[in-house]
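Take a look at this one chain, the form predicted alone, written out in C-alpha cells.
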Amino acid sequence: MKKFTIFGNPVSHSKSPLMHNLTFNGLGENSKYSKTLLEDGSLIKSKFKELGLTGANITVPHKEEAFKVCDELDSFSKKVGVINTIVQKDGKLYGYNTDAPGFLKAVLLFNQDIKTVLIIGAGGTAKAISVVLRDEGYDVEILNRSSARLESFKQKDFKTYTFDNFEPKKYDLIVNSTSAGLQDDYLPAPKEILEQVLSSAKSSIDVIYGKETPYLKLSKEYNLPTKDGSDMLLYQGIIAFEKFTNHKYSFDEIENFMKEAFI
C-alpha cells in the first residue's frame, strides 16, 4: 500500500484525507492518505522518509520550508519559492505547486470581469497565487501588515503596501490569503481598510475553506459575489492527485470522485 499525508499546523481541519481517500477508493488504488501535525517544517524530509511516504501535501505554515527540502523542483515552483505537493521518485523528493493553478481555475469560474487584484497577506499562498495571476495577465498588488515579508514581492516588481502606507483604490477582486479567521475571529486587515476596498470591488475570495470567516461575512455586507477556498482546494487536490499517480487518470476522472468530499 502506498502512503500519503498532509503536513501542517494546524492540520486537524484538513479535508485533504477525505478528498484523496475517496478518490483512491473510487479508482481502485491501493493507497491511503492521512494527516500529520508537524510543528517544525524543517523536519518534513526526515518525517517523509520515516513514514515511508510516496507523496505528501503541505499546508500552512510549511510551504516555504517544504520548498527548501526538495531535491528537484519544477520551473513554476522555482519561480515562486513555495510548494504544496511532494512526490517521491527513485529516492528523490520532487516539489510542485498545485495551489497556483487550482486558484486560477477558481478565479476563472467566477465569471466576473476581473482585471485588478489585491491580495492581502504575504505568505506562501500569496507568493504562488500572485505570480500565476500576473502570468495570466492580471494586475496584482499585495497588502501586508509588516514590510519584511514584502521584500520578495518587491524583488518580483509587484506593487506592495503595508497597512500604514496603503492608499485604498478600486480593485476588481480582493483575496484574503492569510489564516485570519481559520481558528479565530480576526480580520486579515484593519476593518476600515477592508470596508474601503470591498465597497468598490466586484468580488471577494478567502482561501480558507469550510467556514464563513469574518472576512467573508464582511464581504457579503457589500453584496459581493464571494468564494471560500473550496474550489481552490478541490482543483489543487486534483492536480496533486495527478502527480501522485503519475498522470494515470484524467482530470475529469479524478474530479468525479474527489468532488464527493464537498457534498
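Don't overthink the numbering: it's just position in the shown sequence, from 1. Just so it is clear, the structure is predicted and the values come from calculations on it, not from any experiment.
Below, we turn to the form predicted together with a small molecule, even though it does not appear here.
Among heavy atoms of Val117, none comes within 4.5 Å of the small molecule in the predicted bound form. Residue contact with the small molecule in the predicted bound form: Ile193 places no heavy atom within 4.5 Å of it.
Taking the partner from elsewhere, Pro61 is found to have a heavy atom lying within 4.5 Å of the small molecule in the predicted bound form. None of the heavy atoms of Val175 is located within 4.5 Å of the small molecule in the predicted bound form. Only one of 164-172, 118-126, 72-80, 132-140 places residue heavy atoms within 4.5 angstroms of the small molecule in the predicted bound form, namely 118-126. None of Tyr209, Phe48, Phe67, Tyr33 but one reaches within 4.5 angstroms of the small molecule in the predicted bound form through a heavy atom, and that residue is Tyr209.
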